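Given next, in C-alpha cells, is a single chain: the form predicted on its own.
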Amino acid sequence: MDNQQVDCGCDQVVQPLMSTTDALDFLLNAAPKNTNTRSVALDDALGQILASDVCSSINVPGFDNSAMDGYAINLKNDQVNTPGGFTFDITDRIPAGSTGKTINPGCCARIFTGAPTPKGANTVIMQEECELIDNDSKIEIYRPISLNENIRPMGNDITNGDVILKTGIKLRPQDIALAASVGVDTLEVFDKIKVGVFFTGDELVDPGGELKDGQIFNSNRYTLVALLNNMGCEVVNLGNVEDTLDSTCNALEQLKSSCDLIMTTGGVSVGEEDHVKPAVEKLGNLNLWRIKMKPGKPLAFGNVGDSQFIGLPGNPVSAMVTFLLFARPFIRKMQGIENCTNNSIKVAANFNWNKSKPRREFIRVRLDNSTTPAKADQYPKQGSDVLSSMVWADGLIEIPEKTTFNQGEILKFYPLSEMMS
C-alpha cells in the first residue's frame, strides 16, 4: 500500500496514511454482495437494482410497419429509382392496429405510422410528397422512389432472444419502458440494503431546539439520512443516542441484528473521547484509517456481528465528501450494482495551484461550460466546516498529492449531480 508514516498526535501511536486508491480498493473488496431478491411490478421498479438479465421473447417490432403517415406502394421494377411522375391507385386504408389487403403492382394504400405494411407493398412514401388527384382516388409522385423507404422491418429494434437489460443496473424510466415493450410485466430486483444510523455527542442539538454555549445543530444526521435515502437504501434511524458507552453498545446491538450496514459520523478518530470506537471494538472489529486526502482523513471500517460498519469524519464537508468517495461505492457494491465506482470527466482548472500538498485534495468547484473543456472555479473557502460550499459547488476536482500547476491544467472532475443520485 502507498502509506506514509506520520505522528497522529498520540503518545504511543504512529499510524500510516493510506492512499485514497488503497482505501477504496480495500472497501470494495470487503463489500458483501447482496444475494436477496424479490419480484416487483414495473410500476414499482424505478430505482431498484436489477438482479437478473432480461431477455426478449419476441421481435420488436413484430412485423414490418410504416415509419410515418403516408402511402404504402407496390412499386414496379421499372419504377425503381427512375424519374418521377408515377400515378398509383388508392385501394385501401390501413390505420395502426389493422391489417390491410394485398397491394397489387401500380397500386397503393393509405397507411398510418405503426401500421403493418401490407403484402405487395415494397416502399412507403410520406404524405407530404404525394399529390392527390382524380377526386382523391389516386396519388402522383414526382421524384425517384427507392425500395423499402420508411419501412421498419420486423426485429429492427429487438430480436427474439436478445438480452435487453443486464444484471446490476439501477433501473431508469427508459429501462422499464424497454421491458414493457417486450411484454415483461415484473422484474427480479435485489432487496434494498438496510442501513442503521445513530448519532452521539453532547454538543449536538437537533434543528428546532435551542443552542446552549458550545453546542451546534446536528446537520450530519440529516446529511447522512438524505444521502442514504437518495441511494435507495432502507434507513433505520435511531436519532441521537445518549453519550454513554452502554447506550452506544445498546444502539449497535439493536442495529446489528436487522441491518446490513451501520454508519455514524464523528468520534472514531484516534485520540477522540467518544464511545463509538470502544463500543464497536467491544462488540466487533474496527480499523481506523487516516487517509491521505483533504477534506476527510479519518475513516473507520469494521463490523458488528454480521453488519458492516463505516464511521465517517465529524466535520460536515468531510462527512459528505468521504461518504461520496468511499461509502457510496461500497454501498453500490453491496446493492449489486455492476459499475459501482464514481465516474469523472476532464475539466480545466481556472486557478493556479502554487503549493505542493502532501495529501490528495478534493476541491469544491463550479463549472463554466462556455468553453471546451469546461473551466472549474474553486470556492474561496475550502475548510471542512464550510457546508455552504457544497450547495454552491457543481462537483469536486481531484488534485493529486505533491502537485503544482498553472491555470488551464486538465484534472478529474466528479459531478455532484451524478454522485448524489
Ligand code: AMP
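Nothing here was measured: the structure is a model prediction, and the numbers come from that model. Don't overthink the numbering: it's just position in the shown sequence, from 1.
Below, we turn to the form predicted in complex with adenosine monophosphate, even though it does not appear here.
**OP:** Would you mind picking out the stretch of 311 to 319, 337 to 345, 184 to 192, 130 to 138 that comes within 4.5 angstroms of adenosine monophosphate in the model of the complex, counting non-hydrogen atoms?
**Re:** After filtering at 4.5 Å, what remains is 311 to 319.
Subject >> Proximity to adenosine monophosphate in the model of the complex, single hit among D260, D274, D92, E149 (heavy atom within 4.5 Å) >> reply: None of the other options qualify; the answer is D274.
Subject >> in the model of the complex, the one of E203, E234, D157, E242 near adenosine monophosphate [non-hydrogen atom within 4.5 angstroms] >> reply: Exactly one listed residue reaches within 4.5 Å, namely E203.
Original post:
Quick one: does G196 come within 4.5 Å of adenosine monophosphate in the model of the complex, counting heavy atoms only?
Top reply: Residue-level check for G196: no, no contact with adenosine monophosphate.
Original post:
Would P295 count as touching adenosine monophosphate in the model of the complex under a 4.5 Å heavy atom rule?
Top reply: No, P295 stays farther than 4.5 Å from adenosine monophosphate in the model of the complex.
**OP:** Verify the contact flag for G302: yes if a non-hydrogen atom of it lies within 4.5 Å of a non-hydrogen atom of adenosine monophosphate in the model of the complex, no if not.
**Re:** Looking in the model of the complex, residue contacts with adenosine monophosphate do not include G302, since no heavy atom lies within 4.5 Å.
Original post:
Might T117 be said to contact adenosine monophosphate in the model of the complex, defining contact as any heavy atom within 4.5 Å?
Top reply: T117: no contact with adenosine monophosphate in the model of the complex.
Original post:
Heavy atom within 4.5 Å of adenosine monophosphate in the model of the complex: which residues of 211 to 248 qualify?
Top reply: The stretch 211 to 248, when checked against adenosine monophosphate in the model of the complex, contributes I216, F217, N218, S219, N220, R221 at the 4.5 Å heavy-atom cut-off.
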